[in-house]
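Just one chain follows, in the form predicted alone, and it is written as structure tokens.
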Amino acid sequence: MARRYWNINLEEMLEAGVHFGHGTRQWNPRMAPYISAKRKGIHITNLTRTARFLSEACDLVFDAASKGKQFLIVGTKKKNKAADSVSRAAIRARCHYVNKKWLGGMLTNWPTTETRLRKFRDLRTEQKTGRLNRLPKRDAAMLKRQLSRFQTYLGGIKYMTGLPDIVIIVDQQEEYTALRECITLGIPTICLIDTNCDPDLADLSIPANDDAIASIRLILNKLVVAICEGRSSYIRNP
């Protein structure tokens, strides 16, 4: 896998607060190699290592996208608007995404998820063609509520026809169930990890602040640029 230049610089990461970790009492000792200092009771992430692993992740997703691989981005944290950033990044890069709630078994019980997606697509078709409005009011209302639930929880994966090739996870602790499902299935993962996380769980971990929205957006933006460039390469050289 060839190394490329992704315009990752330390000043930009400092401005985004990528280096701010959790309180020193909340840390995971396995994160020690990725921590450079303590300041006012919090750990400071070593941005040189962050830049290195982010660059490796960009190389990985570029290479995968250039071969037509499919991505799933997972981030459901609401309090810092990470969920909104996940959907925008995924749509921009034409990736699947989950940003509301991870439904247990979404990947490990794929046949059930596939059945739900078929039902979701059928209901969308019925709504677009006006068939729902021709049903009795009670039946139509029930199906519209079901369609609304599908849109909330499955809207980001409605075009997914099989398991993803790579899963990008924005918050390891928040999305632990999703991560475990990927591990069980052997699906490669790229995970943004803060100082309270376990860096050994994901296939490629990017040490960074997973609470600050500016930090999350910066990491996602770099990955999205790499995916988009990879997809362009795939279109030119299928």
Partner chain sequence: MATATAGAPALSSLALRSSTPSFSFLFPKPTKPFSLSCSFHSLSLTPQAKASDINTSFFDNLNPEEDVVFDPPTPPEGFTPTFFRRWPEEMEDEITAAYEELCGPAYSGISVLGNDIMDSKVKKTSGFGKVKKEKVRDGFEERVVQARRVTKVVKGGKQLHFRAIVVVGDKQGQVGVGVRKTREVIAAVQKSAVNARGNVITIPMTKYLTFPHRSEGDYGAAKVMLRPAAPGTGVIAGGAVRIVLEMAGVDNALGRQLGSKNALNHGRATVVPVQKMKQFREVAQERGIPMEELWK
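Being a predicted model, the structure only gives us computed values, none of them experimental. Numbering follows the first chain given and starts at 1.
There is another form of this protein, the form predicted together with the partner chain, and it is not shown here; the text below is about that form.
Novice: Contact check in the predicted complex: 43, 105 and 145 versus the partner chain, with a cutoff of 4.5 Å between any heavy atoms. Do all three pass?
Specialist: The answer is no; none of 43, 105 and 145 reaches the partner chain.
Novice: Is residue 117 near the partner chain? Define near as a heavy atom within 4.5 Å, in the predicted complex.
Specialist: Looking in the predicted complex, residue contacts with the partner chain include residue 117, since a heavy atom lies within 4.5 Å.
Novice: Taking 4.5 angstroms as the cut-off for heavy atoms, does residue 38 touch the partner chain in the predicted complex?
Specialist: Although the partner chain is absent here, residue 38 would stay clear of it in the predicted complex, with no heavy atoms inside 4.5 Å.
Novice: Might residue 203 be said to contact the partner chain in the predicted complex, defining contact as any heavy atom within 4.5 Å?
Specialist: Because a heavy atom of residue 203 falls inside 4.5 Å of the partner chain in the predicted complex, the answer is yes.
Novice: Counting only non-hydrogen atoms and a 4.5 angstroms cut-off, does residue 48 reach the partner chain in the predicted complex?
Specialist: Although the partner chain is absent here, residue 48 would touch it in the predicted complex, with heavy atoms inside 4.5 Å.
Novice: Of 42 to 67, which residues get within 4.5 Å of the partner chain in the predicted complex if you count heavy atoms?
Specialist: Going through 42 to 67 in order - heavy atoms within 4.5 Å of the partner chain in the predicted complex - the hits are 48, 49, 51, 52, 53, 55, 56, 60, 67.
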